[in-house]
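Let's start with one chain on its own, the form predicted alone, as C-alpha cells.
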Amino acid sequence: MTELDRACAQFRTLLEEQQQRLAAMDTERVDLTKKPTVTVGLAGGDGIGPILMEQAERVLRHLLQAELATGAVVLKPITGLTIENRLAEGCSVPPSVLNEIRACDVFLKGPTTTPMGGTMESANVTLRRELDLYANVRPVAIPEEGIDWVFFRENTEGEYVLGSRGVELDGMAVDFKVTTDSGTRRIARAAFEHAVQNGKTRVSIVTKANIMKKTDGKFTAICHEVARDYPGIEVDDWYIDIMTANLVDPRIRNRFQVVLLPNLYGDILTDEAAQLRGGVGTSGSANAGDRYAMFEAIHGSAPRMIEAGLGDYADPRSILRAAAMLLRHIGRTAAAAQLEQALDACTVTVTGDTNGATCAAYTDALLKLL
C-alpha cells in the first residue's frame, strides 16, 4: 500500500466515524431542575487548576450549604484528570475518569494541559465529543461601554474534532474539518432560543464562507434556515477576520448581542472578547449538551506561573464565573445571581503576581460579600 493509499484509507475511516456520530446525535434533553439530587463533579486539572478549584469549592459549599446538607446537591471530587495520569494511561481522558464524569450531572473543570505535538488530543476536545457538549456558551459584559455579548460556539465539529487525526505524506500534512447539518442546526437553535428568552434582538453569524465554501458555507446556510423560525430576530453575517476587528472598534461593538460561530472561530473570538473585558482570567465558559454540561475557566493551566512559584496568585474569577453559570444551569438561579453580583462588586485586585492579592485572599473578600 502506498502512502497515498494509507492516507485515503485513514480519511475513509474518519468519514465513517463521523457518519456514525451523526446517526447517534439526537438525544433526549435532561431537565436538571427537576432532579431530586444533582451531582456536581469537581476536577482541578493541571497547573494552577487545583489552586483555583479549591477556592471555587469554598464558594460553592457556602452558597449550597443547605442543599448539601439535605443531599439535594452532591459535590464529587474527580482526581484523575491530571497530565501525569493522562500520560501514564496514554489517552487524553482515561476511561475510568470518563466513567466518573458520566456519573455526574454537571462538571466544574479546572484547566488541563495538552502536550505539544504528538497525537494526544486536548482533554476538552475529548470531553466535548464523548459527552456531546455541542454548545460552548461564553458571556462577556462590559456594562460601562454598553457591551453585553453572548457567544455560541459549536463545540463538537469544525477543525478541532479531527485536529489530531490528520494525515502526513512525504513533504505534506493535511488536517480535516467537518460540518454537519444536524450539528449546525442544534447550535443555531440554541443561540436563537437564548436570544428570544433573554430579550435579545440580534444574532450575528460569523464564518469564512467566502473561502471555506463547503463547511462554512453549510454552517451559514443552515443558520439562516433556523433563523426563519425566529422572525423577530435580526440576523447578520460577518467573516471572522473583520469580526475580530469589529470587537475592538468602539463605534460598533456595542451593537452585537448574540454571536454564533463554528468551533475554531469561536475559540479565537471569545478569547479576544474576554481580553477586552480584562483578560481571559475574568470570564467563564459553559459546554452544554442535552444530557451533560461542563463548566470551566477559559484560560490555560499557566505552567509558567507554577514554575515561577506564583501559582497562589492565580486569578480565580474565570472559574468562579463558570461556577455561577453552573448554578444557573442546575436551577439555582438565586445563588447564581448572588455570586455574579459579588464578583461584580469585589474590588480586590488580582494581577497574577506578588503585586496583587492571592487567589485565596480574593475568595476571602468575595465570601464576605456573599
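It should be emphasised that the depicted structure is a prediction, and the values quoted were computed from it without experimental measurement. Counting begins at 1, following the sequence as shown.
The same protein has a further form, the form predicted together with ligand IPM, not shown here; the description that follows concerns it.
Asker: Answer with one of K208, R186, R86, R128: the residue that has a non-hydrogen atom within 4.5 Å of ligand IPM in the predicted complex.
Answerer: Among K208, R186, R86, R128, a heavy atom within 4.5 Å of ligand IPM in the predicted complex occurs only for R128.
Asker: Could you work out which of D267, D132, D105, D216 is the residue within 4.5 angstroms of ligand IPM in the predicted complex, going by heavy atoms?
Answerer: Contact check passes for D267.
Asker: Is S122 one of the residues lying within 4.5 Å of ligand IPM in the predicted complex, judged by heavy atom distances?
Answerer: Close contact exists here: in the predicted complex, S122 approaches ligand IPM to within 4.5 Å, heavy atoms only.
Asker: Please check if Y160 has a heavy atom lying within 4.5 Å of any heavy atom of ligand IPM in the predicted complex.
Answerer: Yes, contact at 4.5 Å.
Asker: Look at the stretches 197-205, 74-82, 219-227, 152-160 and give the one with heavy atoms within 4.5 Å of ligand IPM in the predicted complex.
Answerer: Residues of 152-160 come within 4.5 Å of the partner.
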